[in-house]
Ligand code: OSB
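Form predicted alone, single chain, as structure tokens, below.
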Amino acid sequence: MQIERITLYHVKLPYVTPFQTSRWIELDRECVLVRIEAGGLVGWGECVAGQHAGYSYETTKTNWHILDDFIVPAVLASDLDDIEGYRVAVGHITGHNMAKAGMELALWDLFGQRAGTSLQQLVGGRGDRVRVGVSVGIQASPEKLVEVVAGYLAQGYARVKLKIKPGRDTTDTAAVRRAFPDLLLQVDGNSVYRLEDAEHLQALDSFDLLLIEQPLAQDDLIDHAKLQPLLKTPICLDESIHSVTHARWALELGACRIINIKPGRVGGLHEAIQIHNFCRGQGVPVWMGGMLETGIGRAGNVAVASLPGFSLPGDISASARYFPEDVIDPPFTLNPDSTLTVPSGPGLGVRVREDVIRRLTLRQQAYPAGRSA
């Protein structure tokens, strides 16, 4: 399939409420959306990097640069029949997984529409719903945190993840656990702790947590392997896992017992599926992480989260958790059993609201076939 036109959109969506982690706070969502046209069809993708280099070295600006200078020209110069062909076309580009993943998702959408097949069917998922939870940022006080968690439970969420940092970890977690003794609960350190904090982190074992996510440095496997035997609670790695090879290294070293899969972080759905398959073969639980995606990226995550190895609820909450207005119609809504419904239409299976995208666009650029980017 020869791609006829690619358009990039740098968009900015306001959040319902600010989102605060251990290292940064976000007031709105910026990302790069990818629109590709071929054979009368239109496919959409999303690059999940935000405007700040907190979670990753990738940002909206680096995504735009890599797409503009390298990925778009490579795609327009190729005759692509499948995702493997795309991976070959961009294989010369080192790193920049989130930029690559945005284009890849648009191609998955296009190929699914061409085949009249849903993305879930393309990736081998099953079932019409996936279990989800909600991620709660750091609040002004433990009391406010309990109030916010109670609000999400009232909406129907059955699993909660708390963002933590030194000074806002054991006290906050204890407050939530006292208020909700039976809640499925986990915490996320976003790489702010060090191995020297092991004794302090052991206090989290008393709260019956599902997991402690990425407590140590984002590029670390060795110290996580030293920390895990000191904890009863499973460590889950997120930022440290960028490929199926990283997942293998982590498990061979004993650095974690659970892995968070974020398609954007690992370079796309293809690599996410490979990590899922490897972990399932090892009997290791995985779950779908979230990057505060719009409905476009969320549709891809929901489809992949329907694979059988995703045994823990994912961070792919309903659209209303994040945005007053999403870029798809209808938006994702939470079912009463703390699930999201998997789209069943061709490709992503969602209708993209281009009128909303135009209104939220800060910058756009079109690349017709035959014209150098």
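Numbers for residues come from their place in the sequence shown, where the first is 1. What you are looking at is a predicted structure, and each value in this text was computed from that prediction instead of being measured.
Keep in mind that the form predicted together with the named molecule is not shown, yet the notes after this line are about it.
Site residues Ser135, Met291 and Asp315 are all in contact with the named molecule in the predicted complex, judged by any heavy atom within 4.5 Å.
Comment: the named molecule is not present in this chain, but in the predicted complex one of Asp169, Glu104, Asp188, Glu271 has a heavy atom within 4.5 Å of it, namely Asp188. Proximity of Asp238 to the named molecule in the predicted complex falls within the 4.5 Å heavy atom cutoff. For Lys163, a non-hydrogen atom is located within 4.5 Å of the named molecule in the predicted complex, even though that partner is not displayed. Under a 4.5 angstroms non-hydrogen atom cutoff, the named molecule in the predicted complex lacks Lys100 among its neighbouring residues.
The named molecule in the predicted complex comes within 4.5 Å of a heavy atom belonging to Lys262.
From the list 274-282, 221-229, 291-299, 203-211, the contact stretch for the named molecule in the predicted complex under a 4.5 Å heavy atom rule is 291-299.
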